[in-house]
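Only one chain is given next, in structure tokens, and it is the form predicted alone.
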Amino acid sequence: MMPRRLLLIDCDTGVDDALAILYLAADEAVEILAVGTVDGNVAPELGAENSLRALEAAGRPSVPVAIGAGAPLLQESRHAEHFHGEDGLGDAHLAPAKSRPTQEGAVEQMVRLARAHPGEISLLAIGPLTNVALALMVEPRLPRLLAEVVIMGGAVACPGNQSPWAEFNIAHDPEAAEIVLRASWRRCTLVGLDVTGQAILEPADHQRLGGSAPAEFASRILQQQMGANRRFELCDPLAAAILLDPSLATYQELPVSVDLDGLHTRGATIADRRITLAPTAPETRPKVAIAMSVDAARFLFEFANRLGSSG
């Protein structure tokens, strides 16, 4: 029997984070060791409540959920209730979770688990990168202790969604993102808007969700967005899927930095596409595997199959 894959999720649980949790929990080969929440779509306390709700719907109520950083490293927080609803889950008015968050903080949890399972844990970071940056400060060996990190964030060759250049997760805490993207991870994959725009849930897909507790939960939290926009971009579930099956995407291996100073471009993810560096170029940094195309049809089929679909 193959050993279960060890996974740590760091998130800011709004609608698509919850969908990613449901997607991963449906895989019996995956052991979700823990979830940590960070300020982003919602405050981390609400993100923890929403994570617990999703885990309970997925039949994984024993997974511990820890609350993390309550604000970006340097700038003020700006949540996304306008998109995810006041409750972060499409104003679905769900019952409170039965479980409560742990007393341990998300940063401490991340460092403890990485030390306890060196080289074994995959980290899925689908919120702003504040917790991960703080964990790097606490434990500089973190890039060697984790097997890999997969990040949902960035817009390398396409427009942003927080500004014309910047994607929300990166723009929410650019300093944290810059710290994380310059670290020497064993493998770091960036799943950004370059590919998530291809992973669109259509009304017909939404209507077919049903027949299981995870599918009913997913259908309910998607109702608001599907009614307003008749489409939903499955950003975080796609990052989860690529973590489990990297063959879903094609990649470019390039160094990526985050603009911290631009008046109009702060938070932009900038990939260095040069073949050779000029003599005056800044120090080299590790390359990131940037997802640039995705087999969207295969992903959408797998998404519906895992959560529960009538067709």
Ligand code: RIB
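A residue's number is simply how far along the shown sequence it sits, counting from 1. Model, not experiment: these values are computed from the prediction.
FYI, the form predicted together with the ligand isn't displayed, but the following is about it.
Note on contacts: among 152, 132, 218, 106, the single residue with a heavy atom within 4.5 Å of the ligand in the predicted bound form is 152. Heavy atoms within 4.5 Å of the ligand in the predicted bound form map, among the stretches 133-141, 114-122, 234-242, 197-205, onto 234-242 alone. Within 4.5 Å of the ligand in the predicted bound form, a heavy atom is found for not a single one of 173, 189 and 269. In the predicted bound form, no heavy atom of residue 89 sits within 4.5 Å of the ligand. Taking the partner from elsewhere, residue 161 is found to have a heavy atom lying within 4.5 Å of the ligand in the predicted bound form. Contact check for residue 177: every heavy atom lies farther than 4.5 Å from the ligand in the predicted bound form. Mapping the unseen interface onto this chain, residue 41 counts among the residues with a heavy atom inside 4.5 Å of the ligand in the predicted bound form.
Taking the ligand as positioned in the predicted bound form, the only residue of 67-99 that brings a heavy atom within 4.5 Å of it is 84.
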